[in-house]
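Before any questions on binding or motion, here is one chain by itself as C-alpha cells, the form predicted on its own.
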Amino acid sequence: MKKKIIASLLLGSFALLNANGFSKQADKDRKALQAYFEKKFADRKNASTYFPYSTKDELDNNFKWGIKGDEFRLGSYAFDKGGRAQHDEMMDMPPFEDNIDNGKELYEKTPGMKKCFPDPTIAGDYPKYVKGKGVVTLSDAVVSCAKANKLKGWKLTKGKTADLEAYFANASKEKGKRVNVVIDSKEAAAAYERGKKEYYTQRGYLQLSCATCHVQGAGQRVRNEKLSPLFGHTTHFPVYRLKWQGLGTLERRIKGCNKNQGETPHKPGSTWTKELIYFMGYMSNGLPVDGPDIRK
C-alpha cells in the first residue's frame, strides 16, 4: 500500500510540473511508447509479429516476458535472461566504482562545482530547456561550469565529466530519484519535436533511423546482443562499456550510434545531439535513475 501511495505522489508531482499544456503531445508520445513496449514484451503470443527472426529456443528460454514500467530502466537486460545473468555477475564488482569515487572528489574539491550544482541528486532532471541557450544536457552543464571556473580538460563524452556524472547518477539512484525532464514553454516543445523528428528519420548510407533499432528492432538480436528499447534508454548513463574499457556519457554513445548508421557523426555539443537527447530523456520520464551501469 505504501509503495502505491509513493508512486501516486511521484506521478502527481510529475503531472504538476508538466501541467502547463506544453508537454501534452510529448506525454501522449511517452504513454504510447510505454504501452507499445509493454505489449511487445507481454508474452509469446505476438512473437511472430515482433520477433520474426528469433528462434523458438531463444523465445522459450532466453526471453523474460511480462515486462512492466520500472523494469525498463535496465534496458535490454530487462528481458534478456542471458544478458541479465552476465550483467548481474559483473555488477558484483562493477568496474566503475573508482569513477564514482573520483566523481565525488571532483564535486567536493573542484572550484565552483558545488556552487553550480548545490544538490548532486540531479541526474534525472537533465536535459533541460533553458531560455536563450536551448537544450542543456548534464554534460553541457558540467563542461560549462568547468569553463566558467577556468578549468581545463573537461570533455562532453568522457573523463572528468563522465566521472562527475557517475557520482550524480549514483547519488540520484540512492535517493530514489526518477527521470523528470520538463517541457515548460513553446520553444521547449519545439525542441522536443525536432529531436523526435530526428530520432525517427532514416539517414546514413544504411538508411537507418534510431527507431529502426530501438523501437521496431528492440529485443531483436544483432550478432549476440539484443537491441535495447527507447523507453528507459537514458536512465542508466553514464555507462561503462567493455568495448571502451571505460566510462562514457550519452553523447559518446550517440556519436557511436551515428557511425553504426553509416552517417558522419554529429558533434556531441551540437544542437542536433542535444535536441535528440531532449526527446530521448522525455521518453524515459517517470522511470528510476539507474546509473551508472555497465554495457558490452
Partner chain sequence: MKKIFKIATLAVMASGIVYAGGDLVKEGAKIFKTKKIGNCIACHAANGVKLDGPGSLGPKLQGLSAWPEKALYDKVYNPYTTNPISAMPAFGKNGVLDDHQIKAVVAFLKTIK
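Numbering follows the first chain given and starts at 1. All of these numbers come straight from a predicted model, not from anything done at the bench.
The same protein also exists as the form predicted together with its partner chain; that form is not shown, yet it is the one meant from here on.
By the criterion of a heavy atom within 4.5 Å, Lys104 is excluded from the residues contacting its partner chain in the model of the complex.
Proximity of Ser54 to its partner chain in the model of the complex: non-hydrogen atoms within 4.5 Å are present.
Among heavy atoms of Ala148, none comes within 4.5 Å of its partner chain in the model of the complex. A residue is said to contact a partner when one of its heavy atoms sits within 4.5 Å of a partner heavy atom; Gln220 meets this definition for its partner chain in the model of the complex. Comparing 65-73, 223-231, 244-252, 27-35 against its partner chain in the model of the complex, the single stretch with non-hydrogen atoms within 4.5 angstroms of it is 223-231. Here is the short version: of Gln86, Gln207, Ser185, Ser144, the single residue with a heavy atom within 4.5 Å of its partner chain in the model of the complex is Gln207.
Residue in contact with its partner chain in the model of the complex (any heavy atom within 4.5 Å), chosen from Thr121, Thr212, Thr110, Thr157: Thr212.
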